[in-house]
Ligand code: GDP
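Just one chain is shown here, as structure tokens, and it is the form predicted alone.
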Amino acid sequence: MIAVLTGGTGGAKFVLGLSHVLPAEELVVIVNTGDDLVWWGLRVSPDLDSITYALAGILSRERGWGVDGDTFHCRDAMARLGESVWFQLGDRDLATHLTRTRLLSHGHSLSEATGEIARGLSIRSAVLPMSDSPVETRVLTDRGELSFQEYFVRERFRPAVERVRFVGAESARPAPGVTEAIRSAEAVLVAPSNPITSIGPILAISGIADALASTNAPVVAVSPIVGSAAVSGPAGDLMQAQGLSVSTSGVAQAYREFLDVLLVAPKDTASAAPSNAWGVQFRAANILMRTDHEKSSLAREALAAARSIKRRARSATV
């Protein structure tokens, strides 16, 4: 069994690649929910939705989110009624949020609701939210503190970032199956997701970082940074705000307590020296995933890297 931690559009691409090279039943996907929000009275889980849509083969390739070929008639009608529409939901996408909201209102957990939605989409891989408890990513900016969606979607990540925090993480617990999957996996992979706002909320949940540090499985991550810039999105600004360099060494530092191998762009292998002090190996790979072939190839390289190494010993003082 392969466990993967993921969030964001890069994470969805990587999971799609894994789904092409692994039997569905061997893949467990642990997904960030710090981006979740209530919109038009509906509980929306953007990263869970992107992962389920990717695994179901209906994720919009053009947008990187939502359902392929979706329409936006409801959004347009809401705008005519004077409702906010800066966060966009497609018409077919609404079915997912209506179902999730109904299940949660009837006492089901987020894990149970996610499982129901995955089964409805004929997904055979396990899709697990990081926690059944609400955790909200908040971004402190020069325009005040914003939710992640306000910062990322409404403000188009233009405000200067000062700090990121995860409200509720201190009392949240891993969702059922999360730490068990990490501890029993053949390998644990970390998708090329934003280390701060996609993977950071997962690691902030008590018990998950400990499970990663103590698992016997090798842990392999894919860098979302090439050179000194993010492949896409605001990862660089967010890393700087959290005291990390915008580099592959900064990614390795973020994951140093549990990481064995970091897959990086070929030109970044020369910058491995600072990370060697943490015991992290750098290996070159094509990490850009511009085509389906590249997504599958990167998935194979991550799996090959995991299978070629032994888990390194961890120091209690790391």
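For every residue, the number given is its place in the sequence shown, counted from 1. On a predicted model such as this, the values are computed, not experimentally measured, just so you know.
What comes next is about the form predicted together with ligand GDP, which is not displayed.
Within 4.5 Å of any heavy atom of ligand GDP in the predicted bound form lies no heavy atom of V139. For D47, a non-hydrogen atom is located within 4.5 Å of ligand GDP in the predicted bound form, even though that partner is not displayed. Within 4.5 Å of any heavy atom of ligand GDP in the predicted bound form lies no heavy atom of A187. Ligand GDP in the predicted bound form comes within 4.5 Å of a heavy atom belonging to D35. For the candidate set L103, I123, A172, A230, a heavy atom within 4.5 Å of ligand GDP in the predicted bound form is found for exactly one residue, namely A230. Taking L288, A284, I58, L42 one by one, only a single residue has any non-hydrogen atom within 4.5 Å of ligand GDP in the predicted bound form, and it is L288. Stretch 192-200 is the contacting one of 192-200, 163-171, 112-120, 213-221, since its residues have non-hydrogen atoms within 4.5 Å of ligand GDP in the predicted bound form.
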